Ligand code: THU
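Have a look below at one chain only, the form predicted on its own, in structure tokens format.
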């Protein structure tokens, strides 16, 4: 037996003013999407904005349903829309912001596991990394240079 160590590297910015201009612009789009989320049950609003290699910016937000499994997260809403409308475009960068009406969100909030898997599908399909910036409502922003940092043992088509 041997031990295998898996490491991830994230970069942390103190606030949105520290972000590169393009990332700050995309995060502002994520804020706007977050403010339009439909979250009457969890009161946890999430917005995502995606920059495609063709220059298009796609946004999405979480959409809840009284039948909880029927809802959809912001990240998947955005990435599935991008895939359906721009099937040959590559996802360059994604910005995510989450806020709660129940408590402050000042720490970076990463995508859930289901969203990580969905993003992984596109990263593998396009054979190039997707930069992911994520934050709460305020405060620090974490950046991952690739979805592989957030889901290092990815389940993809190679195992099927």
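Positions refer to the first chain, counted from 1. This structure is a prediction, so every number in the text was calculated from the model and none was measured.
A second form of this protein, the form predicted in complex with this ligand, is not displayed here; the remarks below concern that form.
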| property | result |
| --- | --- |
| Any non-hydrogen atom of residue 82 within 4.5 angstroms of this ligand in the predicted bound form | no |
| is_contact(residue 106, this ligand) in the predicted bound form, heavy atom dist at most 4.5 Å | no |
| Contact of residue 28 with this ligand in the predicted bound form (heavy atom, 4.5 Å) | no |
| Any non-hydrogen atom of residue 62 within 4.5 angstroms of this ligand in the predicted bound form | yes |
| Candidate from 32, 54, 128, 42 lying within 4.5 Å of this ligand in the predicted bound form - any heavy atom | 42 |
| Proximity to this ligand in the predicted bound form, single hit among 49, 132, 91, 115 (heavy atom within 4.5 Å) | 115 |
| Contacts with this ligand in the predicted bound form - residues in 59-78 whose heavy atoms fall within 4.5 Å | 62, 64, 73, 74, 75 |
